[in-house]
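Starting off, we have a lone chain in the form predicted alone, written out as structure tokens.
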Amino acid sequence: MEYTTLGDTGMSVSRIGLGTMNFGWEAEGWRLDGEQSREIIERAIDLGVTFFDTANVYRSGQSEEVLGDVLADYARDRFVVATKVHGSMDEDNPNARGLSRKAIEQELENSLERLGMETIDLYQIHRWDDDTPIRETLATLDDAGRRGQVRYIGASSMWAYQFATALHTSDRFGLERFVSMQNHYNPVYREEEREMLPLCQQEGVGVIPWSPLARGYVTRPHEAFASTDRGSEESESRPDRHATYRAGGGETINRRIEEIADEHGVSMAQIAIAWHLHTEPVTAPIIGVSSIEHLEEAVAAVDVDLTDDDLAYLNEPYEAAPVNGHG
């Protein structure tokens, strides 16, 4: 494993972050049960992964519970744990969602309890909240930091002008600043390169992409995408996202990933992960896995060395695509 700092924070994270969206207590389709989740987390630790990402809404809180349960068996200071707030945790309670002071404070308490931790290393807003002034959100997060409940704060998919507004608001009022951006970014969706990534680089913000494997689209040949349980479900539940992947030259990029994987003697997933690790200013892609084999494959991608010609060949077919992932 290799390690780097998260933006300008000085906090070290593994170059592969483990995403835990599919972790829970009971198996459900491609989603894992508690025993399977534990095996993957423990193997990740064995392989040197120190960065774990979850959210309050993942499996309705089960993901946080499982992650906290496993990490309780280890020295807490070894790991960087990130979770998120924004999505609804109770459809009957309008204050159980969004980024108001009330929503954040009560959901933060709930996340800390599920994780079994006193402090969250990186607390992220999962999306922008049009109904709450960003100053209120930032002031609430700043207070949480002063209470010792969070160490750093981060953001996730939004427009670059919104992120710039948030950073300016922090600077203007002396509030804690977002140190990371978890955004939708991968070889077949690169709209973030237009404004968000240059902004992050300028501001010293760490970039930790979600869906770095395009929900599995770049891990197998284009024609075989729907051959897995998740691929089949994703094709039906999020046709807009996969149409976006294809719209930006995705089919050609998919085939080129396959070509380069054959040349290097590695998997398509490893080429896609290596692409992230060779792309500035990416800090650590958040990789979701459903098996030990996939985890080991992802970690081994750290050692895949792509040439400038490889990167140019992968990047060349990309075309502008509709913005996707902010909602």
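Quantities reported herein were computed from a predicted structural model and do not represent experimental measurements. Residues carry their position along the shown sequence, with the first being 1.
Another form exists, predicted in complex with a small molecule; not displayed. Remarks below refer to it.
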| item | value |
| --- | --- |
| L47: touches the small molecule in the predicted complex, heavy atom cutoff 4.5 angstroms | no |
| The small molecule contact in the predicted complex: H126, any heavy atom under 4.5 Å | yes |
| Partner contact for H86 in the predicted complex: the small molecule, 4.5 angstroms, heavy atom | no |
| Heavy atom of R246 within 4.5 Å of the small molecule in the predicted complex | no |
| The small molecule in the predicted complex: contacting segment from 286-294, 65-73, 258-266, 37-45, heavy atom within 4.5 Å | 286-294 |
| The small molecule: the contacting residue among T137, T219, S111, S180 in the predicted complex [heavy atom, 4.5 Å] | T219 |
